[in-house]
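Shown here is one chain on its own, the form predicted alone, set out as structure tokens.
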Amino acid sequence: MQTGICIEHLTLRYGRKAALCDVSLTVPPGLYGLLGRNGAGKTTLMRTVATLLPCREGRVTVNGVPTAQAARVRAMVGYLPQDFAAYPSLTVREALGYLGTLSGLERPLLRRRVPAVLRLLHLEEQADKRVGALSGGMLRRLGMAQAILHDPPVLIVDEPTAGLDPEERVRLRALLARLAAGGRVVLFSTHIAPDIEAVCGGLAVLDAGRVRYAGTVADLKARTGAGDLERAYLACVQGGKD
């Protein structure tokens, strides 16, 4: 089976405005970064891959399946949106069970998977705490838990470290690296260059709806002569490098 995300000549418009302009990108298995400032088109791209937005111009496939086959793609994809929110009056355990039921997971599978993801995300001590009482970092962990509840081969996470303190950012980056091990595709979107530099070998730079660079972190720094990814990113978008 073909693995990875393949995006070919994707254009998406909101009225007359093009949010994505002729985007072509291949995301292989492993942890892959999508770097761009707010408004660059990252969320639009990820929502299209996750089949939440239609692909009308161009083509997107996930592990060889076109996004037009939305049900098949959604069964393979776990998605953590930037603005993840859950039911504040439910406990963490109840929220996971309810979200899993909404996703069509059967009860016997949920009885196995909910404890497993609680352990993986270090949420066991919060399992009986109300969602509304969670800190920002714990809520982000809950969002990650619901995204991997069905053990998907593809994981899409949108700005998961935004707003977190440095210690929680390190924990979340380490978690993404663990989830990417073993052949899972993890597409990690952020505007924080050091987070990608810390854990991603490959990345794409998105700016104004266009891919300015796709390759390795090391190659982008070498091309731009920058000592770190933040400066390499700025040189890339200011110089319009491909």
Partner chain sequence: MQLFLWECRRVAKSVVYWLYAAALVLFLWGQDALPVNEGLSAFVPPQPGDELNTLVPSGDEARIMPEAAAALRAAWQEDRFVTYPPPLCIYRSVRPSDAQHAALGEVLDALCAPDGTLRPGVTWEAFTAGMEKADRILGGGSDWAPAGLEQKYGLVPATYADLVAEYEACMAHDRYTGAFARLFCDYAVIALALFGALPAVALFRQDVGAGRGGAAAIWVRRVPGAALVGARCAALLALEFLPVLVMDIGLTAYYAGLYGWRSIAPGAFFGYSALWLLPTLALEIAGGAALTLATGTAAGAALWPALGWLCAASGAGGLSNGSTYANLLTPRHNAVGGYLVFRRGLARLLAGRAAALALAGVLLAAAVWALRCRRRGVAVWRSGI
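Quick caveat, the model's predicted, so the values are computed rather than measured. Numbering follows the first chain given and starts at 1.
The protein also exists as the form predicted in complex with its partner chain; that form is not presented, and the subsequent description refers to it.
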- Query: Does any heavy atom of Leu53 come within 4.5 Å of a heavy atom of its partner chain in the predicted complex?
  - Reply: yes
- Partner proximity in the predicted complex: Thr190 to its partner chain, non-hydrogen atom cutoff 4.5 Å: no
- Would Gly104 show up as a contact with its partner chain in the predicted complex if we use heavy atoms at 4.5 Å? yes
- Could you tell me if Glu168 has a non-hydrogen atom within 4.5 Å of its partner chain in the predicted complex? no
- Message: Just to be sure I understand the contacts: of Arg59, Arg37, Arg178, Arg47, which is the one whose heavy atoms reach within 4.5 angstroms of its partner chain in the predicted complex?
- Response: Arg47
- Query: Mind checking whether each of Thr3, Arg113 and Leu118 has a heavy atom within 4.5 Å of its partner chain in the predicted complex?
  - Reply: no
